[in-house]
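Read the single chain below, which is given as C-alpha cells and is the form predicted alone.
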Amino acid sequence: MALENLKGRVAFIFEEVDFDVDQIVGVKNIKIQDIDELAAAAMQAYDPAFRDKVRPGDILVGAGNFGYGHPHYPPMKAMRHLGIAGVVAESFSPGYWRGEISMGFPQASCPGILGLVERWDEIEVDWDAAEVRNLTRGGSLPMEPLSFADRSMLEAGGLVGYLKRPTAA
C-alpha cells in the first residue's frame, strides 16, 4: 500500500520549542478514557473554539523537539478524533516520534517549516518527493525522508498492521 500524501490546512502552529503535547488536553485530563470527552478538552488553553474550526485532513505544525516530555497518547488520540491527519515540525522528540509512528499517525520533520506557513494555509506533505509545499502562498521546503521502517509502519497503519502484514516465505 502506498503512503498517501497529506494535504490539508494548518490548523494550529505550536511555536514553543520542546512543546509537551500533554498541554494539548491538559495534564489533568490525560487519563480521560472517553474519546469525545477527551476531544472536548483539547486545545482549551490555546484556542477554545478549535474543535469548531478544525476539519478532517487538517495538519498541525510544530517547532523544534515537538513532543518533548513523556510521550502520552491521549493528546494525539484527541487530535485524530477531531480530524487532524498529521504533524509537520522542525524536529521531533524521539520518544514522541516513535510512539505516534507506531500508532500510524503521520509525522514529517521539516526544518524551516515555521517560516513557510501561517495558520490556515493549505499545505501538502509529499512523501515521495520528501517535500512540504505551501499551496496557499507558494514555496516549498525539503523534509527529512522517512526511514524504510517508519514508512512501512505508516503504510501498514501502525505497528500492529506492520507486524501482521504478509511477508514473503
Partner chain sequence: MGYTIAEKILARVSNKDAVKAGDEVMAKPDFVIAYDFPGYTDVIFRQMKEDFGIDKVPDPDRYAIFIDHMVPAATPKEEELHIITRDWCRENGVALYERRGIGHQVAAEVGYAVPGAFVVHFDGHISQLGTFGTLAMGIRRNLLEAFVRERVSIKVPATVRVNLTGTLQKGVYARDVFHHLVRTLGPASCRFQVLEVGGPAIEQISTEGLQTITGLAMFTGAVTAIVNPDKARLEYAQARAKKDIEPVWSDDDAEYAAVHEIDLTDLEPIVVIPPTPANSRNLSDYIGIEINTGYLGSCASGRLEDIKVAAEILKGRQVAPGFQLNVVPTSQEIMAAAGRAGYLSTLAEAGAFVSSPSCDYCFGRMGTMTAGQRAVSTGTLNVRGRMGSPDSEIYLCNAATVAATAVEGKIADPRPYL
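Since the structure is predicted, the reported quantities are computational estimates derived from the model, not experimental observations. Positions refer to the first chain, counted from 1.
Form predicted together with its partner chain: not shown, discussed below.
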query	finding
Residue among 139, 57, 104, 69 with a heavy atom within 4.5 Å of its partner chain in the predicted complex	69
Location of its partner chain contact in the predicted complex, chosen stretch of 140 to 148, 34 to 42, 119 to 127, 48 to 56 [non-hydrogen atom, 4.5 Å]	140 to 148
4.5 Å heavy atom contact with its partner chain in the predicted complex for all of 95, 153 and 162	yes
Close approach of residue 15 to its partner chain in the predicted complex, 4.5 Å, heavy atom	no
Interface membership of residue 83, its partner chain in the predicted complex, 4.5 Å heavy atom rule	no
Close approach of residue 65 to its partner chain in the predicted complex, 4.5 Å, heavy atom	yes
Contacts with its partner chain in the predicted complex - residues in 22 to 58 whose heavy atoms fall within 4.5 Å	23, 27, 28
